[in-house]
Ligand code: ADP
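Just one chain is shown here, as structure tokens, and it is the form predicted alone.
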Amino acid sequence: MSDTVVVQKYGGSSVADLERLEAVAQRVATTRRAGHGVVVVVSAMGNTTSELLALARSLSPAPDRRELDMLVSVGERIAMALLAIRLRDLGIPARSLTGSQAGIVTDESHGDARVVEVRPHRLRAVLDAGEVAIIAGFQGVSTAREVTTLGRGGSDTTAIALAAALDAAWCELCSDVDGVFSADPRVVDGARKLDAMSLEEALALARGGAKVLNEDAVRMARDAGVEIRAVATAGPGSGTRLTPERQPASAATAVTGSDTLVKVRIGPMERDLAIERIRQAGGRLRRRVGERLYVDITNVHGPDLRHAHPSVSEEGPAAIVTAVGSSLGQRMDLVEQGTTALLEGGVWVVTQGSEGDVAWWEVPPDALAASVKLVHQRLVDGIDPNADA
């Protein structure tokens, strides 16, 4: 096995058809010929997972979750086998492995399993034999020896888990986008690509709603000290390095927003149990202001959170704009500048807060996009639209 191991993850759009699969194969071959040991994690091709789910739901309105995991795990296996076939044809020894064969061990939560251990013995043997290891992302085997899937962004989590277990030099997350931007370019025209940011900042950005980053994968990378390189599959591009090291302090690195939140209150009885039930239902706690909790309901199973526990009461939807930068939350002058930008822009600030690398403002949901633009303009671009020319 090469002294330097690199893990590369390719999402569904990167392997959507045979033409794109060919481009991935060429990119992997180039990395291997450069002398690196290469582990490739692939998602299912294109819309394969959605099509498989649609098949199941055409037969049952509520398919058994264990059987759903068995079904959708097929998508990644198709992609991994096809890529291995093509690499071998290019003269690059390659071997495909399912998540379980690669040693991804999870808990027993079907559809949203968490990685509890990686046993990379077989994976190391493949690398020691000089072969590229191609792993089916998004899946593993539970402690009860059942096929499980890892939920949204599961292939990113697979890649980071394997990079940590193999002590890889870095982990490339390859997609259609060349890195992480200071805001969603579809929302902020002047958003610019970031050359580097800390994993701590990246985690705060993911928690704030940035779609380009998977929260669980970034958290795992931070905890394990794995460097991430977010790059475009097509390239060439410089991408963005997400590093364990802190970056120099700045006004703000990036701004994002989330409108997938609800405000809830929890009665004093069985409070800890109620919070755990919210988590089990798929809710993720984002903020707390007094007795009010802000919960991300993106992955909530069911119509709302009131069914999670009798003491949970919903107050309605919420939207939060989040600015991220090294130690930004400790710069009250900058936090107030963000508030001023919103108020002068005609946006009502419901409440606000700051801590660590984060400053945030709750705004009306219909003003979220405008709020992201205003905060980005003031804190990232450093422009005061009301200042004298």
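Note that residue numbering begins at 1 and tracks the sequence as displayed. Remember, predicted model here, so these are calculated numbers, not experimental data.
FYI, the form predicted together with the ligand isn't displayed, but the following is about it.
Residue-level contacts in the model of the complex: of 102, 242, 161, 205, one residue has a heavy atom within 4.5 Å of the ligand, and it is 205.
Of the residues 111, 120, 179, 282, just one reaches the ligand in the model of the complex with a heavy atom at 4.5 Å or closer; this is 179. Checking 86 to 94, 282 to 290, 120 to 128, 182 to 190 against the ligand in the model of the complex, the stretch whose residues place heavy atoms within 4.5 Å of it is 182 to 190.
Across the proposed site, 12, 175 and 212 without exception bring a heavy atom within 4.5 Å of the ligand in the model of the complex.
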